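Given next, in structure tokens, is a single chain: the form predicted on its own.
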């Protein structure tokens, strides 16, 4: 537990130092619990998520960095690798391909990459996965854009 706390404090300091280095990611530690983090990530350009800001919740285990954090979307998103109701993310580095070399910041980058390059063959959202697998790119992008506008864009007026 002490090692994980030290590692998280190190990551916290790096995030504070490099705030402007990665404008697409805003990673924030809970004031009272170093094992709870939130992130705001910008939807990647040239995707249906462009213009959206998505909130992620991190729950870091005491065995971190030997075990991956649990990460989920708090913002609704229409994506084959994200469970629509729970926000659970299907991403290999959060499961069997985890390495202690990954940081919370690099996990955010991997999630942004997944947003731009969905994997419809291992869907948590079957509706989204089926659209992509059947070749209905326009249908998928239309639904993803609609949910981005509804859930991830600031309300005007």
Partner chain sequence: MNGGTVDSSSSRRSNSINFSKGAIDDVAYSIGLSLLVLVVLVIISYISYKCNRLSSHSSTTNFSFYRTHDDSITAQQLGGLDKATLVNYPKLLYSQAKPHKGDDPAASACSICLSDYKETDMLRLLPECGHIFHLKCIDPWLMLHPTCPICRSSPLPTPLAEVVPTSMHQN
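Keep in mind it's a predicted model, so treat the numbers as computed, not measured. Positions refer to the first chain, counted from 1.
There is another form of this protein, the form predicted in complex with the partner chain, and it is not shown here; the text below is about that form.
- Query: Ok, 118, 123, 44, 65: which has a heavy atom sitting within 4.5 Å of the partner chain in the predicted bound form?
  - Reply: Looking at the other structure, the residue within range turns out to be 65.
- Query: Just one of 112, 34, 53, 93 has a heavy atom within 4.5 Å of the partner chain in the predicted bound form. Which one?
  - Reply: For this set of options, the contacting one is 93.
- Task: Would you mind picking out the stretch of 97 to 105, 128 to 136, 53 to 61, 35 to 43 that comes within 4.5 angstroms of the partner chain in the predicted bound form, counting non-hydrogen atoms?
- Result: One stretch meets the cut-off, namely 97 to 105.
- Would residue 10 show up as a contact with the partner chain in the predicted bound form if we use heavy atoms at 4.5 Å? Although the partner chain is absent here, residue 10 would touch it in the predicted bound form, with heavy atoms inside 4.5 Å.
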